[in-house]
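What follows is one chain in structure tokens, specifically the form predicted on its own.
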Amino acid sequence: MPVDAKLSHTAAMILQAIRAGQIYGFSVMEMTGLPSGTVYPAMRRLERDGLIVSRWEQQSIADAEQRPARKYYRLTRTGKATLEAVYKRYPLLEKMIPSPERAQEVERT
């Protein structure tokens, strides 16, 4: 997907949530307020388009915490570049879901 691609507001929110450290589906849902029927199909499309990649956590970790295994997501280089371009289209996105770097800047002021 080209960096200047037009992403939906939903896709942009999901990318920003992943950048902000919400790296598995349920945490993205909590951060964005989007339902699972929106988040998971969008994440599959973002992965198909090369903007995010995923990996399953080790089953032993999930077992130790007595929960199902999580699928963790991270932005690809293309995903990061696309997200930077999206800030021009959705300027309030970074304020809605601050990245860890932005949260630290706010704490210092």
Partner chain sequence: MKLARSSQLARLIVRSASVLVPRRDRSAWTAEWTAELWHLCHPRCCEPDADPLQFSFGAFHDALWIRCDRLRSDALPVVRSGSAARCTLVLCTATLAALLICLCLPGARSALLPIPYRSAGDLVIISSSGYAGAQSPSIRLDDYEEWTTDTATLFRQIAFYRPTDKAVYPAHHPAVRLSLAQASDNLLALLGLPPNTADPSAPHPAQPRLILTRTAWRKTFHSDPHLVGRTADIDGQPVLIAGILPDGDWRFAGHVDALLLEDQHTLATLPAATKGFVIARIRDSAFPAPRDGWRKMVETHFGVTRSFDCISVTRLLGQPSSVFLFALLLACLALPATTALPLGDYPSRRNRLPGTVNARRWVFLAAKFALVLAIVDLGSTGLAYGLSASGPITAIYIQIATAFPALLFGFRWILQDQRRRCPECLRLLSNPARVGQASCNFLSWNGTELFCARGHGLLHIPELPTSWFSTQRWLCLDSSWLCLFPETIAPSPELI
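Positions refer to the first chain, counted from 1. These numbers were taken from a predicted model, which means no experiment stands behind them.
Omitted from view is the form predicted in complex with its partner chain, to which the following refers.
- The closest non-hydrogen atom of Met31 lies beyond 4.5 Å of its partner chain in the model of the complex.
- Contact annotation for Tyr24: at least one heavy atom lies within 4.5 Å of its partner chain in the model of the complex.
- Though the partner is left out of this view, Glu65 does reach within 4.5 Å of its partner chain in the model of the complex, counting heavy atoms only.
- Its partner chain is not shown here, but in the model of the complex it comes within 4.5 Å of a heavy atom of Ser36.
- If you take 83 to 97 and check each residue for a heavy atom within 4.5 Å of its partner chain in the model of the complex, you get nothing at all.
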